[in-house]
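Consider the single chain below, provided in structure tokens and representing the form predicted on its own.
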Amino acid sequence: MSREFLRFNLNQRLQHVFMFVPFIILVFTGFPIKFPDSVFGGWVFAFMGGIENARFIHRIAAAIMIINFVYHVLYVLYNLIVKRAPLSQMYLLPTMKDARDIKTNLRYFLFLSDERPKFHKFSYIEKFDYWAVFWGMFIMAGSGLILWFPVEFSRLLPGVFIQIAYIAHSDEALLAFLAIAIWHFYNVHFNPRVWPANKVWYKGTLTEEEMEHEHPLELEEIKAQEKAEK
């Protein structure tokens, strides 16, 4: 039986769940509001009992996502300040190795080389996914709160900010949906190597074969540490 390695603990997996479930709800309730005359919008509004119910569910999902995001930021700060885990050892910061990995991968995809890049805990693809959430959350949450409380914000900001918030919220939502549907879902779930789905999001573990293929440098480090401890 293949050995399994813990990749995401329960805390991390729950953070992921409380991010993607509200996101799916936001997509299904938000786009019908953006395109109220569409057939899809009519189906959603009929299922939810009208546009007001859809807006209410949209806002509840948004609140859950924002709370989860704030919790994640506090979780990272706790690891940095209390546990004194260097940010570099979280393997989420972009490095020059990522640039070299992109070059190596492009050569591999274009059949110019048989060499695939060797990734550590997170590849440049996963780092892009992670930091895109930060960028998107500030835009989506900020503009969403302005649209949620337009009267209150209009007392503090010029009225044009309400219009800017609507455009930013709408366009960023479309960008986020396309990024998840095309980039993230292919790399994580639709890739032929893991089709029909990658189970790590709920299992939290990868087999030794999966580690060897996806994160060989991390696997080498784990085995070296185990050997040193014997």
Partner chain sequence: MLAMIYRSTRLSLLGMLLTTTLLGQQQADAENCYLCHDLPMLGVSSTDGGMRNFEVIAGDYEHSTHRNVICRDCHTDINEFPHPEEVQKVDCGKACHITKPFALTGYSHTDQRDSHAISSHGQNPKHSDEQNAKKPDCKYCHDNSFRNEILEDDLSKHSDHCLRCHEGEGLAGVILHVSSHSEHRSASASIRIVELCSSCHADQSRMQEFDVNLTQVAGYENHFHGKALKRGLDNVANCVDCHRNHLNLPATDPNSSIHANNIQMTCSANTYCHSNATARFSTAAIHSEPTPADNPIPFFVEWGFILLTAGTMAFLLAHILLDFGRWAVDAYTIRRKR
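Keep in mind that this is a model prediction, so the values were computed, not measured. Numbering follows the first chain given and starts at 1.
Although not depicted, the form predicted in complex with its partner chain is the subject of the following passage.
A heavy atom within 4.5 Å of its partner chain in the predicted bound form is found for one listed residue only; from Val200, Ile57, Ile51, Ile64, this is Ile51.
A heavy atom within 4.5 Å of its partner chain in the predicted bound form is found for one listed residue only; from Ala99, Val73, Leu157, Met90, this is Leu157.
Within 4.5 Å of some heavy atom of its partner chain in the predicted bound form lies at least one heavy atom of Gly41. Taking the partner from elsewhere, Thr95 is found to have every heavy atom lying beyond 4.5 Å of its partner chain in the predicted bound form. Mapping the unseen interface onto this chain, Asn79 falls outside it, with no heavy atom inside 4.5 Å of its partner chain in the predicted bound form. Taking the partner from elsewhere, Phe138 is found to have every heavy atom lying beyond 4.5 Å of its partner chain in the predicted bound form. Residues of 120-138 lying near its partner chain in the predicted bound form, listed in sequence order, are Tyr124, Ile125, Phe128, Trp135, the criterion being any heavy atom within 4.5 Å.
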